[in-house]
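In the block that follows, a single chain appears as structure tokens, in the form predicted alone.
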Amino acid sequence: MSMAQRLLVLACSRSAGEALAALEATGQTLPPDVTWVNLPCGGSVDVLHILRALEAGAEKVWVLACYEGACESLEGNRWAEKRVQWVQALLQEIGLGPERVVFRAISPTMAADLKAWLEEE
């Protein structure tokens, strides 16, 4: 990841990945300073993935996973959220902004919301 990367998105392929595909089907693309990584499940994100992304120069890391009760892996979304909370606490403790790491729940039908979130950043 180059130093110009503003945002790294670690995304559940079953929810966020589908929302991105729907967005792309309308001819829209990700901003050039956004890197998107599809994961088999949001729960497969590791604390080290997040920390290494920040170390490599990402200004912000989003972890996108399914809503509670919608995860095909049953509790992958909860594990993803807990890992994000752990990294946020660590960043707070060492004096870096915990807001640099964000967890968001998303469903496959939320392409418009995804677009709005990206535009807010």
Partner chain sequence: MIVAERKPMVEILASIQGVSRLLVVGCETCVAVCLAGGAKEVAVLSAALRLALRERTSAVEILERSVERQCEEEFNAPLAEDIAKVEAVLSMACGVGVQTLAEQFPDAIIYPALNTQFMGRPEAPGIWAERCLGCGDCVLGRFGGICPITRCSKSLLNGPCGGSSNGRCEVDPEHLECAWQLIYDRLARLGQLERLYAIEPPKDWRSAHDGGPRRTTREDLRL
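Residue numbers count along the first chain shown, from 1. None of the values given here were measured: they were computed from a predicted structure.
Although it is not shown, the form predicted in complex with its partner chain is what the next lines describe.
Taken together, the three residues 46, 90 and 96 all come within 4.5 Å of its partner chain in the model of the complex, as judged by their closest heavy atom. Contact between residue 86 and its partner chain in the model of the complex is found at the 4.5 Å heavy atom cutoff.
The closest heavy atom approach of residue 37 to its partner chain in the model of the complex falls outside 4.5 Å. Taking non-hydrogen atoms only, residue 82 never approaches its partner chain to within 4.5 angstroms in the model of the complex.
Though the partner is left out of this view, residue 54 does reach within 4.5 Å of its partner chain in the model of the complex, counting heavy atoms only.
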